[in-house]
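Take a look at this one chain, the form predicted on its own, written out in structure tokens.
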Amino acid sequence: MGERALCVIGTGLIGGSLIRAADKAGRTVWGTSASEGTAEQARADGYDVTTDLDAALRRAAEADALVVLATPLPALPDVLRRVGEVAPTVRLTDAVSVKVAVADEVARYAPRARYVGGHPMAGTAESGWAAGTAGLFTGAPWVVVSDDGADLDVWADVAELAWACGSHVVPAAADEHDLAVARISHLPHLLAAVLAAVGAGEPDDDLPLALSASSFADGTRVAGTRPELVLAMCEGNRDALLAAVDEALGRLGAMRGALASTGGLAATVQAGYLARQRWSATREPLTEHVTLRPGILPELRELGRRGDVIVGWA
């Protein structure tokens, strides 16, 4: 399983980095791009990338390769229709930032595919093939969906891909993943957009921006992400994101009320400080080695809930 070939659909930041990382790890890897210009750029860099999706999928079926969907969520239906037609029983995973919506699309358009969802928690505000690097995933969490009924053979393929790219595996249920990323990824994108707009102030007054330093730069970094990519992931996780937005609004409302009535911000600042300390404590998670066996998936999900990670086979 460890040397399984890889077919990456999509060659933006994530897909392009996957191709580079898998190649560096010694895997046979090829990819597809919707843009001939991007495919030419990738080939000029020495990678096997084409615009012929059907040919890439036929090759994956013949090689029993693992296919990775690395396109934005709105592009998935068209890609999955081709999967269902050309390589209906292929091993399949993805790198999309939501999991329930992708599983629904797979069930609709490629129901016979051996699908196990994945999500490498890595990225930058940059995008496109040129932004990709072989080291993007080094040290990053890589979610492998562990819902009951998951194909353990493909689960192992996805885990081994994560390890080959330098990541550690976090097992999680699809719906629990979506609730989590709404809080720690999608909400920050929206808050960064609001902070950037507030900080910019009036169009004819650049004094606030001229005075801005690291707190503004750090807080608005992800606002530099291409808007269509932010829209795809946030709108694709609408229900979970709405709950996170409601909680944020509730906390902002309570903070405003305290500031207006007593001038006090202690509760908000203290809660944020303690939460940041909890985050720091998770930077060195407990590591586990596992042996896949029937009935292990609930145990894997509980391991992920504890904040532990899987780094190899027992």
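Everything quoted here is computed from the prediction, not taken from an experiment. One-based numbering along the sequence shown.
Although not depicted, the form predicted together with another copy of the chain is the subject of the following passage.
Of the stretches 145-153, 106-114, 197-205, 128-136, only 197-205 has residues with a heavy atom within 4.5 Å of another copy of the chain in the predicted bound form. The candidate site formed by 211, 214 and 223 is fully in contact with another copy of the chain in the predicted bound form, as each residue has a non-hydrogen atom within 4.5 angstroms of it. With the partner removed from view, the residue among 275, 286, 44, 55 that has a non-hydrogen atom within 4.5 Å of another copy of the chain in the predicted bound form turns out to be 275. Among the residues 234, 164, 86, 101, the one placing a heavy atom within 4.5 Å of another copy of the chain in the predicted bound form is 234. Within 4.5 Å of some heavy atom of another copy of the chain in the predicted bound form lies at least one heavy atom of residue 264. Using a 4.5 Å cutoff between non-hydrogen atoms, residue 176 counts as a contact of another copy of the chain in the predicted bound form.
For the chain shown alone, residue 307 is a contact residue for another copy of the chain in the predicted bound form, at least one non-hydrogen atom being within 4.5 angstroms. Interface residue remark: residue 185 is counted as part of the site for another copy of the chain in the predicted bound form, having a heavy atom within 4.5 Å. Along 245-270, residues 245, 246, 247, 248, 249, 251, 252, 253, 255, 256, 259, 260, 261, 262, 263, 264, 265, 266, 268, 269, 270 each place a heavy atom within 4.5 Å of another copy of the chain in the predicted bound form.
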